[in-house]
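Shown here is one chain on its own, the form predicted alone, set out as C-alpha cells.
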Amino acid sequence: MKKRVACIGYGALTPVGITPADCYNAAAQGRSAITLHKSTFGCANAFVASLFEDRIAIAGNYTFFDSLIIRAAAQAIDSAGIDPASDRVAFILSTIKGNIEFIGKQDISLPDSAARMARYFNNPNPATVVSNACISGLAALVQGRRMMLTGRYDYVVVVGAEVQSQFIVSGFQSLKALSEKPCKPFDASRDGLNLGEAAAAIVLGDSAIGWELAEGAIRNDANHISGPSRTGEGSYNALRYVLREADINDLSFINPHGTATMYNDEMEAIAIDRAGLANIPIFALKGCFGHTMGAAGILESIISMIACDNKTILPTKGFEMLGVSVPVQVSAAKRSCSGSSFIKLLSGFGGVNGALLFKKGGQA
C-alpha cells in the first residue's frame, strides 16, 4: 500500500508568537509585528518589517539563526513524539540566506547549519538543504514527501527559517520591492512587500490521520531573474498538476504567496483563474508575518492546516479593494468553510513556482 505522507508534528516561532497556536491566533485576530525600523542592521534607509526583538541564541556557540531552526524542530519533534536520533529519521533545512550576516567574518554555510541541527538531535543521517528562492519551504516539503515515499525513512523533519540582515534588506531595497508601510496583498493600493523573520517545522510521517501532503509540484517558467510571468505560466502548471488529485468541490481555500508586490499578486490571480479556481476563497498571510522567505512555505502551511481544522478562512490583513485584473475571491474578513482540503502556492525569483495539495485524514 502506498504511504500516506502526513504532517504529524508542527513547530513555529515568529515575532507575534512562539508556538503554532500563537501564530495562528495572531493571524486570526489580525495581529502583526510589522513596524518601521530605522538604522537596524546598519541599513542607511529605514524599512518596514517583522523582526524578533529577542535575538538571544541558545548556549553552545550557536548563532541566532541556528538557534531558531533547532527550537522550531524541537517543537515539531515533541508534538510528533518521535525519536530524532533514529537512523530512520531525516532532516531537511529550507532557507535562502541562512547565516549570511556572518559573511566575511566566519564561514557558516547552509550545509553547516543543517548539519549542526541534525547533530543537536544526535541524528546520524546527512541533513539535506533546500534553497530555491522563495519556494524553498514548499520545495522542502515536496522533497520530504519524496523521501518518505522511497521507504528509506519513517519520518522526515522539515525545517524552514530566515533572519534578516543588512545584505538582504539592501538587496530588496535596490530592487524597489519594499513598501514603506504595512503591506496590502492583492489590494489596489499595494506597493511592495515587508520582510519577516520566522522559523517553522513540520514532521512528516506515514499516518492515516492528520493532514496529508496529497500532491506537490514545482515548475520553472524561466520568465525572468526577479520578475514573475505575466501569464502565471509556472503557477498555473503547478496548480494543474496538483489538481489531478483534488476534488474542487472540497477545497476550502487557496493560500497564495501574496507578497503584495504589483506583479506577483497579479500573476497568482491570473494563474488561479486560468486553473478554474477563481471562485475558491483565497487569503494571504504576509500582512501578519511579512515575507519570511525560506520559512514561508512551512509557516504558512501550518497556519493553513490549523485554519482548516477550525473550519476558518482567515482574513488577508491589509486587503481592502481588489487590485488584480481577474475577480479572485480574496478574503477580507474571517469566515467559515466546510471543505477538507486546500492548496498552498508559492513563487520566487528565477521563475520558480510551486503548489501543494493538502487533504485531511481521520481524527486523532
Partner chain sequence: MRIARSIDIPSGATLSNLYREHKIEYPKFFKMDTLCKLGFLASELLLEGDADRFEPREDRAVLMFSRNGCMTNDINYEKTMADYPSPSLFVYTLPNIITGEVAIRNKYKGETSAFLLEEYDEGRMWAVVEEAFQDSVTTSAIVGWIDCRSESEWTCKAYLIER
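Source: prediction; values computed, not measured. Residue numbers count along the first chain shown, from 1.
What comes next is about the form predicted together with its partner chain, which is not displayed.
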*Among 187, 212, 154, 112, which has at least one heavy atom within 4.5 Å of its partner chain in the model of the complex?*
112
*Quick one: of 226, 279, 79, 86, which gets a non-hydrogen atom within 4.5 angstroms of its partner chain in the model of the complex?*
226
*Should the three residues 97, 167 and 240 be counted as contacting its partner chain in the model of the complex, with contact defined as a heavy atom within 4.5 Å for each?*
yes
*Could you confirm whether residue 172 comes within 4.5 Å of its partner chain in the model of the complex, counting heavy atoms only?*
yes
*Taking heavy atoms only, is residue 221 within 4.5 angstroms of its partner chain in the model of the complex?*
yes
*Applying a 4.5 Å heavy atom distance criterion, does residue 23 contact its partner chain in the model of the complex?*
no
*Heavy atoms within 4.5 Å of its partner chain in the model of the complex: does residue 103 have any?*
yes
*Mind telling me which stretch in 174-182, 281-289, 71-79, 202-210 gets its heavy atoms within 4.5 Å of its partner chain in the model of the complex?*
174-182
